[in-house]
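What follows are structure tokens for two forms of the same protein chain, given separately as structure 1 and structure 2.
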Structure 1
Amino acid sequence: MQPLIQTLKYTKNLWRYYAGVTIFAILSALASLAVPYVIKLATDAVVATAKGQPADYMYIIWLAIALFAADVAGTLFANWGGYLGDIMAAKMKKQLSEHYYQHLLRLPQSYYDQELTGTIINRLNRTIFEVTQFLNTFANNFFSMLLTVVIVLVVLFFYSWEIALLVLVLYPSFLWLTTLTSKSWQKYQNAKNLETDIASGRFAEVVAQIKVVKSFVQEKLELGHFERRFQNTVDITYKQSKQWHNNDVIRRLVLNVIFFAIFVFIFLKTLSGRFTVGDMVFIIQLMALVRMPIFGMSFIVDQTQRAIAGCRDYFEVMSLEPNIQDAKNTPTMKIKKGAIEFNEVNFEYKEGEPVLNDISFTVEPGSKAALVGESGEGKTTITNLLLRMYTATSGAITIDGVNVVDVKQRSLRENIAVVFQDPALFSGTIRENIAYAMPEASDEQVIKAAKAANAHDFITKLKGGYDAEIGERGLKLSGGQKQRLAIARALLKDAPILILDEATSSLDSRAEVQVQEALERLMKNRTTIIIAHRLSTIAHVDKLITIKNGTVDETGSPLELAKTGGIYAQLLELQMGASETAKKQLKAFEIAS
């Protein structure tokens, strides 16, 4: 129950709806009780006439009208309450979803590293659906049912304390018997939820990368994973449902015995004259009213348990504290020059597995520095730390002497434009993607950025031009086109610091030269960190920083490092050699043909 109460507290701004739903539930419970009472009065009147008293037609007609009025009132109350319940659930869903999303957006990159996208989304949908679904049903049905039971009990005490007492023990014993099984039921349910969350996570991943699945012909394997997860839920359901229903039989038997006793009591007392026939009819109808919620109890408990499990999962995510947080009065970063310094920075993604060791280097304001190193050495990681996607384990990263951990994350990131290794575009139009940093950008600004990124020509050739939809993550574009849009997007951001992580790797040599020119223009007066495997791309930088074994190996100008025999010199030789070999091959081919 605790998580459910927590949810209600969490959404206490909806109290008007809770109050409205409560009032209509009380009114419709009263209306549903009025019906058996009027029938009791009618029965007594009819029986009296049968015993020889004069027939009072007007009285009977008025009773029929009262019956009609109670029915109509019941319908209206139920529907008004239902309307409020629907709105309440919709508002609650909106609020819970928004808070969840807002919270997820605050969580650091490391959270996303561990969880599959689909799992995160499925959990959001499942938990919020279950909670709101429960409260909606509760508001529209359960609640007035429960109130009816309470009122019936009060009325019953008036007629017969014996029956009232029997009904009174009925509920707690039934609830007690139910909770006996509910713990293990919940355990099973959690296990099932976990399976579906994982299956959905993989499902979303497969849908997003269907091309890979198809090309490796692994549809069967993926379907197999999916089936296995769902088969697990079926297997769990066998145990879960069997246990539940076995116990339900026992529970209901207990109920049947109690009801048997109640009915025997009512019949005997009517025969002995303690109850009138009208009383008997009335009490039997009241019994029907209290029976319904009890026999529907397993459904209620089932729904409640789902909701509780949902709430728990919801708050589990909500209680995750981001390990990167801005303190209240953290200053904002104001970059004047853009001098970057890494001072003995250490970092590990997972404890005990260091990626960066004692990284120290400086990038002068307005200059271009290139990070060179083999794949997996930690170049992208260095830029991640500069953006504070993660926090360094030790050491300091400063911009103009200010440590990046001492300023608001937002302000830090506002000052850095990045072209990621993977272009990572969004579905939507080309214009929306280029203007992502500045949605209010004018057409001229967007076109200027596109031109600078050498993207304008291909965009205008597309059907729809700047309004062309590019599909999920830009899948309707070629790799080089995506990269040019990513560059245009970074250009439009116009930040004092620029990070280019393999920004031109998908471009052909001609396009690269053109984009390079644009980038050269852009890099003027900005501090730029470039990562490129193609050495021609970084031949003109001011400083090279080579990374080996997770630490800085050498720093110097390209000219200097070409002679030291270090990584850069080796790579240079390798790439030059490669082009020499290519030239020779081409020559041989020309001669042969």
Structure 2
Amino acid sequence: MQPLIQTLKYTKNLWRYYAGVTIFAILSALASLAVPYVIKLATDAVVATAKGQPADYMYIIWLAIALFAADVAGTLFANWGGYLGDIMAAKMKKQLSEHYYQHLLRLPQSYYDQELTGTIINRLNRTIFEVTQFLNTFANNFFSMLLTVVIVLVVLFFYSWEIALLVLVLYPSFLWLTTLTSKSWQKYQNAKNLETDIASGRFAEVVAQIKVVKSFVQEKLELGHFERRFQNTVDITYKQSKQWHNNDVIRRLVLNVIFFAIFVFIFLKTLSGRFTVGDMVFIIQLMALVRMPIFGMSFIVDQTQRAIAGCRDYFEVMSLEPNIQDAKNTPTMKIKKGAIEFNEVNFEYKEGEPVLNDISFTVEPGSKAALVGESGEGKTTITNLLLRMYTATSGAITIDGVNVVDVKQRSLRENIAVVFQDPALFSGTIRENIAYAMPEASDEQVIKAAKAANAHDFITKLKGGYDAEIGERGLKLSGGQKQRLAIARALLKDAPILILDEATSSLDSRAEVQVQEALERLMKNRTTIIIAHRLSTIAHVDKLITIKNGTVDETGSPLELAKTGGIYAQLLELQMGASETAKKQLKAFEIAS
């Protein structure tokens, strides 16, 4: 129960709803108890009349009115409590979802490197559904039943302490028998949740990359993966359900025996004169009120265990502490020049598996530096360390002499604009995507950024213009169009430091020219770090930094490194064989020198 109780702590501000549900549950329980009591009085009156006493018709009519009033009151109280329970569940769903989302946004990049997107989403949906469904059902039905049982026990003690004691023993006995199978049930449920999470994770990947699936004609393969995971949940359910229901048969048989003893006791005591016929009818109806929640307790326990299993997954995430946190009173980053320095920086994703070794270089304020190297050498990791998506294992990264770990992460990233290889647009309008870093930007500011990014012309040709919906990840746009919107977004941010991560690698020649013009405007008067392979992107930079085996191999201007025989020279030689543009650029370097 601890995970469930812990979850409720996140929604303790809903205490008014908890109180309202409790009050109406008590009133509903009293109304349900009034019905059998009125029937008892009516039964005694009818039996007395049958024995020769004069009939009191007005008394019977008032009892009928009281029975009607109790029924109406029970209906109203149950529905008013149910209404509060529904609102409580909706608000709880909202708050738990917000807490989860807020916490996810605080978690470091390393968490997302290890988790499937579908798993993250499915964990939220399952937890919120199971918890809110349990609490809603409990508030609308079971809580009033349990209160009814408590009141019934109190009343029974006045009629027969023997019956009350037997009823009192029923609940702990049933719960004890239930706990015998609870742990194994939880294991089965956790296994089912894992299979569902994996299936959902793959599902999300396939939907996001449906073109790949279709182009490789692997629909059948992906469906097979999906079916196999859910078949595993079916196979687990066979074992889980068989064990649960076999044990439930035993539990119910025990209850049947106890109720048999209670009814025999009631009938015998009525025959002996201890109970009147009305008392007997009243006690039997009380037994019905008690019997229903006990026999329905299997469902309650089942719902509770599902909620606990969901809460456990929820708190596995909520208990994670971001490994990159700002210390108290950490100052904000204030960039005046934009000088960047890496000083003997080492980094490893996993302990004992270094990715970067003694990385040292400087980027002068307002200059352009390119990181060059084969894929997997750590170029993007270097920019991620600058953004403090990860923290260096050792060494220092400074901007204007200030270590990036000594300033607030938010302020650091506010001063750095990034244009990724994948433009990473969001569903919504073109205006919303350009103004992502500055939602309050005016139309004039958005249009100015779009013009500088060579995007204004194609935007105005779209139906809806700047209010055109671009679809998920901008799927309605071409690669060049998406990249120009990403550049417009960076232009509007107007940060003093710029990172270009393979910003033109996936574009055709015509689109690259338009994007390159936009990038030139974007890089003007900004300290820029470029990750690229194309000479058209890196030939004009002030400094090249080549990375090999996770270390800095060479640094220098393009012209200097073109003659050393190193990584850049090899890249230049390869591209010269296939690109006349590269030859012209190299010749331009020689003339400039």
Ligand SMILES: Nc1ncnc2c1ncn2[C@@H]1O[C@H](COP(=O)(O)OP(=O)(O)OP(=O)(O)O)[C@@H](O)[C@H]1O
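Model, not experiment: these values are computed from the prediction. We call the rigid core whatever largest set of C-alpha positions still superposes within 1.5 Å between the two forms. Please note that residue numbering is based on structure 1, beginning with 1 at the start of its sequence.
Legend: structure 1 corresponds to the form predicted together with this ligand, while structure 2 does not. Relative to the superposed rigid core, the position of the CA of residue 350 differs between structures 1 and 2 by 2 Å or more.
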